[in-house]
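For reference, the chain that follows is the form predicted alone, supplied as structure tokens.
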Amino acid sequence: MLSWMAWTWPTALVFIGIFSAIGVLTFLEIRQPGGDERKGVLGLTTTRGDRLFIALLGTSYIFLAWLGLVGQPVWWPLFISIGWGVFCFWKV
């Protein structure tokens, strides 16, 4: 199934997760328009979509820094990234 682009299953799962998160945010926006704007610790007024973008951007930086400085295994940056995502939706 994934041979046409030489993808691996972990790569496909990452993209499925991102598209699923976008789908959930779309569903939430349809049910409650407005996006729940709030001002967080960074001093930015953000909506749900902004917080998802900040979380995904931070996650990519965490993984790139980990791979550049430490290398394998990548379980620790996964846990750090999950914590970063929770922080983004809770405080940012």
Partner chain sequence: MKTENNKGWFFVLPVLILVAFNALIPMMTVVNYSVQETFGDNVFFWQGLDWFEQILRSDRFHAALGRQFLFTFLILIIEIPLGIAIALAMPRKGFWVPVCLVTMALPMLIPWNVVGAMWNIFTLPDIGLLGYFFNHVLGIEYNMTQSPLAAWMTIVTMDVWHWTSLVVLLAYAGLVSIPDAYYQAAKIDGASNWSVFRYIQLPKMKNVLTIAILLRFMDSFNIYTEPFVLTGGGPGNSTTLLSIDLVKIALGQFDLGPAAAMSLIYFAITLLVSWLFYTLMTKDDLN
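Residue numbers count along the first chain shown, from 1. What you are looking at is a predicted structure, and each value in this text was computed from that prediction instead of being measured.
Another form exists, predicted together with the partner chain; not displayed. Remarks below refer to it.
Taking the partner from elsewhere, residue 26 is found to have every heavy atom lying beyond 4.5 Å of the partner chain in the model of the complex.
Within 4.5 Å of some heavy atom of the partner chain in the model of the complex lies at least one heavy atom of residue 11. Within 4.5 Å of some heavy atom of the partner chain in the model of the complex lies at least one heavy atom of residue 19.
Within 4.5 Å of any heavy atom of the partner chain in the model of the complex lies no heavy atom of residue 90. Annotation for 60-80: interface residues with the partner chain in the model of the complex are 61, 64, 67, 68, 69, 70, 71, 72, 74 [heavy atom within 4.5 Å].
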